[in-house]
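In the block that follows, a single chain appears as structure tokens, in the form predicted on its own.
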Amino acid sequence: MLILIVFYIAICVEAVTAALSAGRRNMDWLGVCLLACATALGGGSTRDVLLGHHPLPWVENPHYIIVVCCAALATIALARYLDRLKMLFLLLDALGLVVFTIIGCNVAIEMGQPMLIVIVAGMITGCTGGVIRDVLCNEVPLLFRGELYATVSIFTGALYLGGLSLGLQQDLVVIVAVAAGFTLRALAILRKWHMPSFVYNKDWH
């Protein structure tokens, strides 16, 4: 139940970030809603297409689309007040990242996938929506800018899977994995931790 509540919070937060990105690109209201759906639901859809898991989440639960669109349209009305809440949304996005990761891991586990695929499925679920948003807005995805983002997702998925492998109670493992993953992402935001960047400027010609 707890993870379901956080899931709804997460898709709403992703919808808000997408709506703000759409606003910076002067998209119309339909564009705002489409970008919000691609961002909030794209990770789970990509995972399920790659794993052959059907029906897709928003097909099985069409009300997800309504929730996401309502959050996106509310953002249009409240956009002028959201700048002062930037840090709150970054932290909620961090929470969404780890929750989406665990949900993706659970889907792969239920399908009987091996450990590596479970972790990858979690990462795809947690990260792909943001990549879709940034690509559609012609921005370099956060995932590729050295942020501790995919790393946090992999860490969360591995910790979650490790706890389950040890036979610990699932609710306890969820709480520990969410807390650890969220803390790592929050510290990365607050202290500006980054992955090492690869810089190569030599011309081959």
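Computed from a predicted model, the values in this text were never measured in an experiment. One rule holds for the numbers: they count along the sequence shown, beginning at 1.
There is another form of the same protein, the form predicted together with a further copy of the same chain; it is not shown, and what comes next is about it.
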Are any of the heavy atoms in Leu161 no more than 4.5 Å from a heavy atom of a further copy of the same chain in the predicted bound form? no
Looking in the predicted bound form, any heavy atom of Val32 within 4.5 Å of a further copy of the same chain? yes
Ala22: heavy atom within 4.5 Å of a further copy of the same chain in the predicted bound form? yes
Interface membership of Ile154, a further copy of the same chain in the predicted bound form, 4.5 Å heavy atom rule: yes
Taking Cys12, Gly167 and Ala177 as a possible spot, do all three reach a further copy of the same chain in the predicted bound form with a heavy atom inside 4.5 Å? no
Partner contacts for 129-168, taking a further copy of the same chain in the predicted bound form and a 4.5 Å heavy atom cut-off: Val131, Val135, Leu136, Cys137, Asn138, Glu139, Val140, Pro141, Leu142, Leu143, Phe144, Arg145, Gly146, Glu147, Ala150, Thr151, Ile154
